[in-house]
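Here you get one chain, nothing else, as structure tokens; it is the form predicted on its own.
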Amino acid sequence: MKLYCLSGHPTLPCNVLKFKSTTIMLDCGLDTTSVLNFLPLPLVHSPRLSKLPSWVSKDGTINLEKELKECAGRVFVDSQPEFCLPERELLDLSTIDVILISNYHCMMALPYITEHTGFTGTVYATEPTLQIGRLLMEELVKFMERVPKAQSATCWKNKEIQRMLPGPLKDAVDVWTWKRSYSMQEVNSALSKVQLVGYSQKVELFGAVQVSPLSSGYSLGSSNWIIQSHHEKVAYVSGSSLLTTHPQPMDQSSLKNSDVLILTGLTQMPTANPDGMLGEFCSNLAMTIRAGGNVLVPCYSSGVIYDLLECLYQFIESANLGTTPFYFISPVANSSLEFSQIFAEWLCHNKQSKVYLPEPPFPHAELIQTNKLKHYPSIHGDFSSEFRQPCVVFTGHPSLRFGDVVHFMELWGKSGLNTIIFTEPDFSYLDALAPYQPLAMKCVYCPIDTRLNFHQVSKLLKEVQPLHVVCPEQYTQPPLTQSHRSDLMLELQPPPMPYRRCSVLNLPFRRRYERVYILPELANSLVPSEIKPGVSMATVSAVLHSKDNKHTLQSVPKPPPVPPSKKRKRVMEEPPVVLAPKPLLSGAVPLEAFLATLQKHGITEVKVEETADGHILHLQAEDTLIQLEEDGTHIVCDNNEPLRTTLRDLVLRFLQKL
């Protein structure tokens, strides 16, 4: 069993598992942190960004004026942002049979895999994962298509040139694998390969293994996966949460008795408590609004935004924010808010019960009805005529490199009254803000990550007790910035097997059994004999028939009768004589009793030598050796057939015939 690791980002995993005769890809996350090296794409012409000076090396030897611009003391690439793809050279991706998706954040690289590698398999995901994943992909494509950039910067990627660039560009890894965004046509083609599954539904893969998704409690439709054959079980745990938020709670009991547990997608903020962060978010928002400023929340169009809106719904009245407008701006804002209300069976019990009242499960429906929350596809059109300040704007992209958020950064960044509140943990907020410096607006960092922390994982692993744990190497050591915090890592016995991008692990796990079926008529002909109380055994002669990974024992076919022929038969054509099979022997030859029996038969001079596997008896007068081992007995006797036969019969007295 092998695991190929194609992504170095622990929360955006992409691994390939070879198990029995199947090749299974576990998630295909897209590492978007690479976009922080690019200049923002403004929706409205920005004089500031268009007048940036080109970067030239100090000695003047490198001048990539079309590709690199200097901004706020840092160097950025001036082209359409590019994403770091999963590794595509480690193994032939056209051999992948299925892709299992755990949540909508971990499927953003799907079009790169399904459309450009010769992939012909099936993708399995739950319905909310597919639909919300489609929205996130559509949003990404629209963000890029709205601000097309003609040139693509490639010269800076040359190793010789990249070495001379200032950081962080100098330290960017795998830059040649970075690619521009896919198109809507590729998204639709990739998602047409998705087959929907429900929690605990069992899907057979080629008769070899069975896969089934379990609720992971992190987002709508998010799953952990069980991959099992008749005798082995692998659990894949990715992006799970034990907190009571809007999704169905995590199913932990089904993870028990796993031979291998592959663990990814833990919280990126182990020291930040999500409840505390929500409280901080609300109080900073209220303070800014009361002072007459605007609040900008860069966020994804699905996920934590539902919890933020719910939290604000309860907070608005008590904080006297009843008249403040809330705007949600995204090309998919409307679909996202509506989808969250119709996936009732994927919600926690408390929200499910509201559907039968009937009430919308999320309170943002009421915020929309009362005009407190308004959603728009973009800042152009209706929004510009209805927009009033002070207000709260939720918009993307959290990297601040593309989307409507770029316009608000240019618009509000100069005033100290305004606040930007970061809630998504995927990007370093200092790196995200770098091209906008110097910035007068206040910055508040309230990362809300509900995924499992190290304490919760240790407790979970104690309960489910897998034989082996495999995880990204980042989880086996404390974070670089807090090297003294040994509580911010996985400490297990035996220690977990770490992996990094491009590593191939041989999982410490040997398949020992295979299930074989026996046909009824063959079973009927078996004659069991008792070898010890309660244990019976029977010998079987059969033909093993294997098809579609199912193995069946069938009766040996009788040879067809030879039709009589007029020619004289040659001697060779007579059917071979089938000898009756020799009986099988079981049991062991006890040394003391065997020596006593030899003595009775007049063999007295016996020298006993102990070996690693048993004993060697040297019959000195007869010049004969008898090797007694656990799984066989050998009699070495030259030119004395009567003695050999006698000794054989004495040995057989102690063994059982089947």
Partner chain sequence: MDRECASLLPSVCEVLADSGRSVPDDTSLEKLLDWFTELTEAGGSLLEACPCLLKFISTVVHNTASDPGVLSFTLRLTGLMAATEDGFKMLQEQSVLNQVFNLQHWQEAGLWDDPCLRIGWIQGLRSTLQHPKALRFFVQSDFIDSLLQLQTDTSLFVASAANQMLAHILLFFQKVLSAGSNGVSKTEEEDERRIHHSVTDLEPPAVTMETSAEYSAVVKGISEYLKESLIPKEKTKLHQSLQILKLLALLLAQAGPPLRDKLLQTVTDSLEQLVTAGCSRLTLPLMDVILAANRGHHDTVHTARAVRILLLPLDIITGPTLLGTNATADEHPFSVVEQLKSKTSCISMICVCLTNTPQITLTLPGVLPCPPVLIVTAVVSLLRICSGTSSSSSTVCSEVCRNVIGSGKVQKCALEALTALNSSPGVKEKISEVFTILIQYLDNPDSDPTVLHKSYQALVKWIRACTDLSLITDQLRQDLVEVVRKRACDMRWEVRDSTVEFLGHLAGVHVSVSSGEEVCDASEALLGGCCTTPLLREALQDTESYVRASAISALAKTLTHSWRQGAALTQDQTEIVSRLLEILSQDTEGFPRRAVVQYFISWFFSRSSHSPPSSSTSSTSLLMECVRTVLSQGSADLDWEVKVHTLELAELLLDQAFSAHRGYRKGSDAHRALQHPYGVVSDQAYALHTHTGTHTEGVQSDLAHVVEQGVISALLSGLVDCDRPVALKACRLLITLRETICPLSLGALDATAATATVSCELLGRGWGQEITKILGMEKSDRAREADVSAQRSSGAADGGGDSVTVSVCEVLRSLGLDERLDVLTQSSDHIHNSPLSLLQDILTASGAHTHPDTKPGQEVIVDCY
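Residue numbers count along the first chain shown, from 1. As the structure is a prediction and not an experimental result, all values here were calculated from the model.
From this point on, the text means the form predicted together with its partner chain, which you will not see here.
Colleague: Can you tell me whether residue 286 touches its partner chain? I mean in the model of the complex, with a 4.5 angstroms heavy atom cut-off.
Modeller: It does: once its partner chain is placed as it appears in the model of the complex, residue 286 has a heavy atom within 4.5 Å of it.
Colleague: Please determine whether residue 273 contacts its partner chain in the model of the complex, using a 4.5 Å cut-off between heavy atoms.
Modeller: So residue 273 counts as contacting its partner chain.
Colleague: Does residue 442 make contact with its partner chain in the model of the complex, using a 4.5 Å heavy atom cut-off?
Modeller: Residue 442: yes, in contact with its partner chain in the model of the complex.
Colleague: Heavy atoms within 4.5 Å of its partner chain in the model of the complex: does residue 367 have any?
Modeller: Contact check for residue 367: no, nothing within 4.5 Å of its partner chain in the model of the complex.
Colleague: Within 4.5 Å, heavy atoms only, one stretch in 287 to 295, 375 to 383, 345 to 353, 525 to 533 touches its partner chain in the model of the complex. Which?
Modeller: Contact-bearing stretch, as computed: 287 to 295.
Colleague: Looking at 280, 115, 78, 426, which has any heavy atom no more than 4.5 Å from its partner chain in the model of the complex?
Modeller: The residue from 280, 115, 78, 426 that makes the contact is 280.
Colleague: Quick one: of 253, 318, 546, 371, which gets a non-hydrogen atom within 4.5 angstroms of its partner chain in the model of the complex?
Modeller: Selected residue: 318.
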